[in-house]
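Below sits a lone chain in structure tokens, taken as the form predicted alone.
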């Protein structure tokens, strides 16, 4: 996709995500990834948690909807301008309404809007969410230029299972096109089990009606926060001027390296990948371009 007017010497991304005290996910990985890629992150925290919600119990949760309103008022009074809006974990329909006002007040339709609809994985909703959040999210993503659901989130948004396990690419394409009917013209669906012993992402460019597939070898462990890292690398690559297929492939390959590296250390999975050790490689030139046109 072609990006609209960049207004800052260093691209500025408003990152509306939660902040977890323990666990490498959300803002704790988004800020270092994008910063290393040469992007300034202007954080708009949606919630504060003592830990993330995957693998931990009895975590504290503090909704920051009121503070988000304050951020917007202050930034507006300063006349700030941004090149991209990127949201993830959203705690309520009220927060989505606040972010919709931000998009309007800062004329973000002319920039880049990336929404990662974070609310489910492995076939189930995260513990912090109810079914009501799905309807609100369907309305919210109409503002996005790009959405990056995993296969579970895509299925919830569609109201039916995304048929990845059947390997019926024609049907999968039809379903992804239907996701684009909600508003976003670019769809990237992650964690697709299309190929044996691989994890796959499918990127759809709705303006060109083209599909790209990017895969990595499957590692028998799951680490929270890898979806946040994927979307952050892809967003950073787009802001660096990469086309969608290359940006999605860079994200796939970087996440795969992080997972392989972390798996060798046999750390506690719920703490996430060892980003601190692998982060310097995020700007390394791709050894090869692995995406396929499908």
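Positions refer to the first chain, counted from 1. Values in this document were obtained by computation on a predicted structure and should not be read as measured data.
Another form exists, predicted together with a small molecule; not displayed. Remarks below refer to it.
In the model of the complex, the small molecule stays beyond 4.5 Å of every heavy atom belonging to residue 250. Remark: residue 236 does not count among the residues lining the small molecule in the model of the complex, judged by a heavy atom distance of 4.5 Å or less. A residue is said to contact a partner when one of its heavy atoms sits within 4.5 Å of a partner heavy atom; residue 86 fails this definition for the small molecule in the model of the complex, lying far away. The small molecule is not drawn, but in the model of the complex it has a heavy atom within 4.5 Å of residue 126. Considering the small molecule in the model of the complex, the lone stretch of 262-270, 225-233, 64-72, 33-41 in range is 225-233 [heavy atom distance within 4.5 Å]. Distance criterion of 4.5 Å from any heavy atom to the small molecule in the model of the complex singles out 118 from the list 114, 188, 118, 154.
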